[in-house]
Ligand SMILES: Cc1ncc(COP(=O)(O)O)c(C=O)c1O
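Take a look at this single chain, the form predicted alone, given in structure tokens.
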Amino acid sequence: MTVVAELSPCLEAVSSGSPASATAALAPVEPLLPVVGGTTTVPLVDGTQRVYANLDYAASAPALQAVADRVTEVLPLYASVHRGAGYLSQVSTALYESARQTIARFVDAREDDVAVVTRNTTDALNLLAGVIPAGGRVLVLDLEHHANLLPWLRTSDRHAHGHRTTILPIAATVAATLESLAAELAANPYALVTVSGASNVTGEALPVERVVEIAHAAGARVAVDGAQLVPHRGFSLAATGADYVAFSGHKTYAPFGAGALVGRRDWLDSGTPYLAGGGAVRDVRADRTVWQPAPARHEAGSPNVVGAIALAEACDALAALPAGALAAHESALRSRLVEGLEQVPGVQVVRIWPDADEPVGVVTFTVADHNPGLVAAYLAAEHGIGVRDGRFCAHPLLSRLGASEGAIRASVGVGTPSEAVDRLVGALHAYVADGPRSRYEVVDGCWAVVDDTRPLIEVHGLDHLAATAAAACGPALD
């Protein structure tokens, strides 16, 4: 069934700073680091152009300019890695292994930790799920992103290695959730507790150090899904005592297809190789295979050399920021956004716990009696603002928070200026007051402008925005 919304024209000029916006009088916040595409303009349905307000960093962050420059520098040196006798092969191998060291150093790995280069956080956590010792039980909370939920459920469902997974419901407060965690670990033996470093829905988290303390006291290890935490606050394996951390390059300002799993060597050295193939073996015969230790054990096939180098460069750029600068930048933007949203009639900011420490720069909200997909489509088409709508690959958490039909997420990062935040708040004031200027309908599960005539930016292979966007979206409420 096609659903069409046709409402009256919106307030004029809100996207450039309306009096309705509670953020208008605040001092501006400039980007912390230059990112590729930070000044890209996009077409609006009224025929004008606006600089794209990227408020979707939690999904994929833009590449740092320093990362793009580094990739351009090393591409002429690109060749096969590991065991290549040619000069450029040796250079590429050295660059790849140096990148591995940089990635490990960025999360303050211990001397005996190992860094495995993966595709992303999901890849890293699936790898870890396959190396847990036989019979080991896994404890996971029901607030997790699917990347830190489904690998453990699949392992449990298939009874691979005899694993069993328990999903522990979160409690109403951080303190009560920690108490519940401690009680479960005291009552039952677990090999691993796996937790989000920061929720991709609200930016909130349990204190990792306290989780580690509780888990280690019960004889369990701790894995941290660092996809949102590592790029936005940094992370230290040594300081927290966590046993493993997984994170993604495409969320760490290096969107070139690499991620990492960093942590204790013993499980990674003895566990089943993640992929079977060349590079992961020492010797192969018809009757037996001798596998390499980690990290080579889990990196069969030709690795993503450029992706690893890009991620390492991003790590170095973030590590070079003055102490506290990253947190201060995001805190200023997040506070500005939350304060502005709370002034918009009908808008409710979603939270997990009242006693959580300061979240990272992720804010999820709902607009009463309005479909989140329609609101997101309006923000994009009429104000040049990119947000995320849906259930954010965290379906159990959205159901628990009373947003099973989805919500809207705005997220910031090092390239975000306060103008983007102010534009969002102003656009929402206009939406609530007068509704969208254009007509929208649901096409293949996604809201889209009716008869959208905006041309795509001239990129080879793209010629029509509406059809391409609808095909990419699909019907799933992700």
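Sequential numbering from 1, following the sequence displayed. What you see is a predicted model; the values in this text were computed from it and never measured.
Missing here is the form predicted together with this ligand; even so, the following discussion is about that form.
Visitor: Using a 4.5 Å cut on heavy atoms, which of A147, I309, L181, I352 is close to this ligand in the model of the complex?
Guide: For this set of options, the contacting one is A147.
Visitor: Heavy atom within 4.5 Å of this ligand in the model of the complex: which of H383, R334, K251, R100 fits that? Just give me the one.
Guide: Answer to the contact question: K251.
Visitor: Counting only non-hydrogen atoms and a 4.5 angstroms cut-off, does L428 reach this ligand in the model of the complex?
Guide: No, no contact at 4.5 Å.
Visitor: Closest heavy atom of N120 to this ligand in the model of the complex, within 4.5 Å or not?
Guide: Residue-level check for N120: yes, a contact with this ligand.
Visitor: For T194, is any heavy atom within 4.5 Å of this ligand in the model of the complex, or not?
Guide: No.
Visitor: Is T364 one of the residues lying within 4.5 Å of this ligand in the model of the complex, judged by heavy atom distances?
Guide: It does not: once this ligand is placed as it appears in the model of the complex, T364 has no heavy atom within 4.5 Å of it.
Visitor: Would you mind picking out the stretch of 81-89, 314-322, 226-234, 171-179 that comes within 4.5 angstroms of this ligand in the model of the complex, counting non-hydrogen atoms?
Guide: In short, 226-234.
Visitor: For the stretch 408-442, which residues lie within 4.5 Å of this ligand in the model of the complex by non-hydrogen atom distance?
Guide: Going through 408-442 in order - heavy atoms within 4.5 Å of this ligand in the model of the complex - there are no hits.
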